[in-house]
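One chain is shown next in structure tokens, namely the form predicted on its own.
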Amino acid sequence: MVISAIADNILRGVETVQDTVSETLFEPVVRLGVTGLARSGKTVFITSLVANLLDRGRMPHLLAASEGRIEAAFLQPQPDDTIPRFDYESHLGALTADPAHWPESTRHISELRVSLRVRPKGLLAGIKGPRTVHLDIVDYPGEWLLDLTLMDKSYAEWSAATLKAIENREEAAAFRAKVALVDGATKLDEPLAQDLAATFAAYLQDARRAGYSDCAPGRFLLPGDLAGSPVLTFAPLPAGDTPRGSLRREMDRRYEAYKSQVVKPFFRDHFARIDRQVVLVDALGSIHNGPAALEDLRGALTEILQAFRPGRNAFLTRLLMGRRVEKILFAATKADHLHHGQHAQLTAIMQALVRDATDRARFAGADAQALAIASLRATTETDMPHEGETLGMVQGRLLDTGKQAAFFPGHLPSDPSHLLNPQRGQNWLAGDYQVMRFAPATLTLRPGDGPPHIRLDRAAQFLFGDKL
């Protein structure tokens, strides 16, 4: 095992050297990781980003586009032959159909390469010709990202933290009742283990629907071909004796197998090769669900950053230590659910949510920012008088009924601390917010224009504009 691990590390070190030399001397490659927690809109983000890179009429804040230095953009075969291709054409077809509909959400890792032919700027403009920059977009479920936080936790530590987190959650009542009747020191009973794992997985599904963010292990939510395997047949148990052959010891063994056989390969083969990262967050959904859900989101975002290796990707750093995540963007999605007059408040709330995380990233040499965006604008804005004041409302086609409707979701506080203090117990979005599930608007695009969005160009400029 040790010799195999050493050989594997040497092989990957050689691959890193080859990639680094190739990208430095020839065509640079930016590997952009795109992830997010449930209902954050990863698929729509990638589809709209690619469409707006191919047709850049709506990208004024991507400087290389506004300066006219991007001569061409085109899709190319991805470099990783073993990773499914992101189905860009089908997803764009869903958004441009009549009527338009949202594409299927992310359930596995996928990749897409966009190549940009870019002219240099400044003094080099008259000396060097255009160069090609490859943008490799890696799409993976946010639930897998939360799994990386398990790597530094033992089974006992994970169990204690999980049981404490769910002790007052209604969604976990059935699981808590079963755990209360179990003695982990007794001999392993496989039907009991399967029942505990299934009940715990059902809790995770319910918790995600209720707006909680700490729903790990992630493969319990998206098991794929691992469904029913021993590596997904474990659950948290209270601390106690672990005699050989006991239920608790077997749960411990399977938890460690999950980390070594599921989580570690993902980190090694995919995550560790990313050098720019965007984390999409449905902050408005958590705000509507109340202070407890928002505090839970803050904790999840802090844990997520701990999974990254932030820092600068100097030549020798990449040569000797592998890639580091140079830039991290935490993006609050669905900004089109609010009138633009409240976008500043949403951005401030997002910045407050990730303040601890971004401070740590900057300390390590990475650049981290927070932004409010809408990858695809599904609404229009309207102002309506109401009781002596003018309310900024949004209107669009409702997903469930297909009817046009206008909503005022409520005011967000200008001071984020009023929202982030879990003791205040106040919901800042009105009850109508829960029915604000908009379908995409029918798109009528002029030649050269990508889909309408909010600040997608600013996100692109931050993430990879410096490479163009």
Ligand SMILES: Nc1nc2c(ncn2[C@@H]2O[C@H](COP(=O)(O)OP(=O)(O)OP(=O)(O)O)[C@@H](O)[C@H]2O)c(=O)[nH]1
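Note that residue numbering begins at 1 and tracks the sequence as displayed. All of these numbers come straight from a predicted model, not from anything done at the bench.
Below, we refer to the form predicted in complex with the ligand, which is not included among the displayed structures.
Asks: Could you tell me which one of Lys259, Arg219, Arg276, Lys334 places a heavy atom within 4.5 Å of the ligand in the predicted complex?
Replies: It is Lys334 that has a heavy atom within 4.5 Å of the partner.
Asks: Have a look at Ser154, Ser90, Thr382, Ser105 for me and say which one sits with a heavy atom within 4.5 Å of the ligand in the predicted complex.
Replies: Of the listed residues, the single hit is Ser105.
Asks: Please determine whether Ile304 contacts the ligand in the predicted complex, using a 4.5 Å cut-off between heavy atoms.
Replies: Residue-level check for Ile304: no, no contact with the ligand.
Asks: Using heavy atoms and a 4.5 Å limit, would one call Lys42 a contact residue for the ligand in the predicted complex?
Replies: It does: once the ligand is placed as it appears in the predicted complex, Lys42 has a heavy atom within 4.5 Å of it.
Asks: Contact with the ligand in the predicted complex for Leu294, defined as at least one heavy atom pair within 4.5 Å: yes or no?
Replies: No, Leu294 sits far enough from the ligand in the predicted complex that none of its heavy atoms falls within 4.5 Å.
Asks: With heavy atoms only and a cut-off of 4.5 Å, decide whether Leu135 touches the ligand in the predicted complex.
Replies: No - in the predicted complex, heavy atoms of Leu135 and the ligand never come within 4.5 Å of each other.
Asks: Where, among 267-275, 251-259, 195-203, 106-114, do residues come within 4.5 Å of the ligand in the predicted complex by heavy atom distance?
Replies: After filtering at 4.5 Å, what remains is 106-114.
Asks: Taking only heavy atoms into account, state which residues of 366-392 are within 4.5 Å of the ligand in the predicted complex, ordered by sequence.
Replies: Read in sequence order, the residues that approach the ligand (within 4.5 Å, in the predicted complex) are Ala374, Ser375, Leu376, Ala378.
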